[in-house]
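There is one chain below, alone, in C-alpha cells, taken in the form predicted on its own.
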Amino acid sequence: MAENAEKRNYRGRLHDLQKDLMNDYFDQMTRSANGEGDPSVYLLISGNPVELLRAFDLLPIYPEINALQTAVKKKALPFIQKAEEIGYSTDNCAYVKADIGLYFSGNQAPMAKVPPPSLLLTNYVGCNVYLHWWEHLSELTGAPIFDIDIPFLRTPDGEPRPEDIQYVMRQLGDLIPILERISGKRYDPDRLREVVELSRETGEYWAQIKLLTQLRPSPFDAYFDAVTMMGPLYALRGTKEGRDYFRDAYLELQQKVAQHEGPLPEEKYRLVIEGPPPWPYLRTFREMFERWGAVFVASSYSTVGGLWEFGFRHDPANPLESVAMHMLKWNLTNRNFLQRYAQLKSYVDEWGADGLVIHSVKSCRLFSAGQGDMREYFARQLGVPTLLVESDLEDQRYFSPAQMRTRIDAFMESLEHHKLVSHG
C-alpha cells in the first residue's frame, strides 16, 4: 500500500459541466420560489415519471437531492436536529428529517431557495417512509398529493404482469388532467414522445458509460464519480441539456479509455459497493479506499433511478407504457432481495471485482434491511471477500472516521492477503 500515493485531479470537463448544469437547475428552483419560474412538482428519485412533468414544462423538485446537497456541504445536521426537536425520531430517515427541518428553516438551502410544491407526486416503490413523508409535506404546505401505486414484482421471472402494467398506465392517465390544471397547458402526445426520446438517448449514453467500468483500468469510479453524474441523470432527464451532458461525458470517458487512464495512478483492487454514500464524508470515505489503490467498478446505488446498464430504454413509440415499465421493473427499489443479490453477483462476476463492500445506512431501512444476510451469502456461500460497515447517508453523528478507517484497513489487508494466496 502506498500511504502517500499520488492524488489524481478528479476534475475534468464533465465535472465542470455538471456543476454548471446543476447550478442552473438550482437557479430555476430559486426563480420558482420567487414566483418567477415554472410551477414545481415534488417527486422521488426511484422509478419516477418525470417525463410527464417535462412534457408540461413543470419543474421537478427532488427533496432527496436537496437533502443530500445540504449533507455534502455539511449543513444538514441543524436541519436534522430541528426535525428532532419537533418530534421526529432519531432513527427516522435522515433525508426526511433534513427536508422537514429545511422547511421549518424557511426552505433556504445552501444551494437554492426551495419552492413550495404545486403538487406532491409520490411514486411508491420500496419504502413506506415515502408515503408518510409526502403526507407530512402536504399537511405543512397545503399542497395536494397524487399517489402512484407501484405493484411489487411477484412473478418467478421478475417480469411485471400485463395487468400490473395497465394498472400503472391508468394511474398515469389519471395524472394527466391534474398536470394540465397545474401547468395551464393541454396534454400533447407529440411533446411527451419528444421528452421520452430524450430520456431514451440519455439512458443509452448512461448505459454505455456504466459498461466502461468493466474495462481495466476503469476510466472512472462507479460510486464516487458516478454520484457526480447522477445529479443531471435525475434532475435533467428528459431535457436536451441532460442528453447532451451524457453524450459529452461518454466521449470524454472514451478518451480516458484510449489513454488507459483511470481515477488512480494504479488500479490495484476492483470493488463493488452496496448502499448510499455517507454524504457529509464523501471525500473522506473515498480516500480510505484510494490509499489502497481501490476503485469501485460497480455500485447498486447508481441504479436507484434506473437499471439502464441491464437493458432498459424508454420507448417514444409507447411513451406511457415505457414510463410504467421504468417504475415497475427497471429501478433498484422495486426489486426483492434475491433480485438485488443477483444484481450484485453479476457486478462481481462480469465487472471482475475482487470484493464487495456493504455500506449499511442507519436511518435507511430500504437499503439496510437484509444486508447482514447479504454479507453472509456473498462471504460464505460465494466466497467473495465482503466488508459491512455502518454509518449514515446524512447524519454526521453516525460517522466515526477513525473507526471506519480501521475497519476498511483491516478488510483491505485481508483482501491483499487473499489476492496473494489466490495467485499463489
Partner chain sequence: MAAIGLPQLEEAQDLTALVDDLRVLFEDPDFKLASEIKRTTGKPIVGNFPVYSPVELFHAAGAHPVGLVGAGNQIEIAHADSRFQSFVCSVIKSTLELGLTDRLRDFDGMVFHSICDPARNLASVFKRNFPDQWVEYIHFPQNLVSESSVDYLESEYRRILDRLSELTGKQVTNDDVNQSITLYNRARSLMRDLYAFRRDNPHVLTTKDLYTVVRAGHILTVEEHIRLLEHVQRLVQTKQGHERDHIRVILVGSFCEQPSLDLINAMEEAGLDILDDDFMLGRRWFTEDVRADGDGVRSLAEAYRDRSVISSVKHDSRRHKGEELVAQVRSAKADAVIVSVPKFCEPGLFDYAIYRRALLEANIPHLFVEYEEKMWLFDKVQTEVETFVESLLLD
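Numbering follows the first chain given and starts at 1. Keep in mind the model is a prediction, meaning the values are calculated, not measured.
Heads up, the form predicted together with its partner chain isn't pictured, but that's what we're talking about next.
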Its partner chain in the predicted bound form: contacted by all of Met229, Tyr245 and Glu261, heavy atom 4.5 Å
no
Of the options Tyr301, Tyr341, Trp351, Tyr250, which one has a non-hydrogen atom that comes within 4.5 Å of its partner chain in the predicted bound form?
Tyr341
Between Asn92, Ser322, Ser183, Asn107, only one gets a heavy atom within 4.5 angstroms of its partner chain in the predicted bound form; which residue is that?
Asn92
Under a 4.5 Å heavy atom criterion, is Gln381 part of the interface with its partner chain in the predicted bound form?
yes
Answer for Ala317 alone: is it within 4.5 Å of its partner chain in the predicted bound form, judged on heavy atom distances?
no
Any chance Gly37 has a heavy atom within 4.5 Å of its partner chain in the predicted bound form?
no
Non-hydrogen atom contact Ala143 with its partner chain in the predicted bound form at 4.5 angstroms:
no
Choose from 66-74, 52-60, 29-37, 353-361 the stretch whose residues reach within 4.5 Å of its partner chain in the predicted bound form, heavy atoms counted.
353-361
Check each residue of 156-177 against its partner chain in the predicted bound form and list those with a heavy atom within 4.5 Å, in sequence order.
Arg161, Glu163, Asp164, Tyr167, Arg170, Gln171, Asp174
